[in-house]
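The chain below stands alone, shown as structure tokens; this is the form predicted on its own.
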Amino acid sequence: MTTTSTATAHIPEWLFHQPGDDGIVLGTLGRLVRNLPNHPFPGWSTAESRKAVAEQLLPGLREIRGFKTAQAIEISALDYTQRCHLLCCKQLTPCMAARQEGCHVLLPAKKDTYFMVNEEEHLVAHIGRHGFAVKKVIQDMENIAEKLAEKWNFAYDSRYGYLTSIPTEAGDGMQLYCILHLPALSITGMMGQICKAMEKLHLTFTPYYSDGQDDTGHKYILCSIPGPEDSIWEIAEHFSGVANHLIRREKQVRIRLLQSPGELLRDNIGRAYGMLRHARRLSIQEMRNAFSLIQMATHTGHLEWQDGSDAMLLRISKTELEQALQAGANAEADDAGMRQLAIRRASQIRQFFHQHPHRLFPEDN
């Protein structure tokens, strides 16, 4: 099973920085759900009924291209640290991480698509793509839906569509997520207002991290709400319009902050940089929020790296993940252990900056 030391080898590539990124849209995720007839939903199931569902689904899933040699993991076989690892890598949902006997995740070598058996629904497929790729994700979900339909007759109603454990989410069983990095909107205190607006627009807007460490890193997930009345393509038009509006607003606020008295954006970048370079203790929240501003500074040219921005954005993402996994592995430590972890984290981050030559605010030099 995956360990913290091999974390970066197991994170899906679509979550990492790629050349040409704008640093705002990190990725697009599709969720496809299906349920078998005559079996209780996982939330009402027994170990025996979950086992029966898994025995019916797992062999057929392995026949799908790319999944023949996929790693099949029963959740009950994972310890706390291993669950945290997969959760941080977006290869488990919080619901699935809490499951036990009869619940499985199927992870192929190419980790942009994976299956969960007996999550909230009997079968859940998650499909990730880099950047703002709504159309591609929907096409991929439809392709997988066709392959699944060739193997099983799922619970379906002619009026409501594919049946789900949440009745209002019946329909085509598809849902969209967009992962957004919004530091400018975050530091100006606009996120509360945005979250309320999303509710009125029939979308959900939640922090990206779900590891219980009470922070956001200025990253958020915009999520569509499925329903029997609309197809995924109809939902996608509304979803894309809202996502594009948030992207434009983030860009506009960055420009405004650069022009504000005291150069608020550069001031926040400088403070984050100073803390990461010189702090002797760092909480995971402090590190994530500061790294967020360092990533934005790299994208905007306020921070230049000798190794190039693309390579360093990738290294920053991997370093952030490694630190999150260390925090997850020590989540149950006592106060003294947490202080030592914060000291060690600060030392490792200082060393990171020392090892990679760079210039802050090169336009001032």
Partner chain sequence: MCDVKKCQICGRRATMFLTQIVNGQATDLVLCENCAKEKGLFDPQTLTFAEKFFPEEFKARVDKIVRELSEKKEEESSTLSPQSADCDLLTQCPVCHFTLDQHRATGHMGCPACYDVFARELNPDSMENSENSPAEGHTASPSLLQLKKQLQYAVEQEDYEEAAKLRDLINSLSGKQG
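Note that this is a predicted model, so its numbers are computed, not measured. Positions refer to the first chain, counted from 1.
The same protein also has a form predicted in complex with the partner chain, omitted here; what follows describes it.
Q: Would E74 sit within 4.5 Å of the partner chain in the predicted bound form, counting heavy atoms only?
A: So E74 does not count as contacting the partner chain.
Q: Check whether P167 has any heavy atom within 4.5 Å of a heavy atom of the partner chain in the predicted bound form, and answer yes or no.
A: Answer yes; at least one heavy atom of P167 falls within 4.5 Å of the partner chain in the predicted bound form.
Q: Heavy atom to heavy atom, is P183 within 4.5 Å of the partner chain in the predicted bound form?
A: No, P183 sits far enough from the partner chain in the predicted bound form that none of its heavy atoms falls within 4.5 Å.
Q: With heavy atoms only and a cut-off of 4.5 Å, decide whether L282 touches the partner chain in the predicted bound form.
A: Heavy-atom contact with the partner chain at 4.5 Å: absent for L282.
Q: Within 4.5 angstroms, counting heavy atoms, which one of the listed stretches 196-204, 256-264, 133-141, 274-282 is next to the partner chain in the predicted bound form?
A: Careful reading of the contacts points to 196-204.
Q: Only one of L148, A155, L107, A290 has a non-hydrogen atom within 4.5 angstroms of the partner chain in the predicted bound form; which is it?
A: In short, A155.
Q: May I ask you to list the residues of 107-135 that have any heavy atom within 4.5 angstroms of the partner chain in the predicted bound form, in sequence order?
A: Read in sequence order, the residues that approach the partner chain (within 4.5 Å, in the predicted bound form) are E119, E120, H126.
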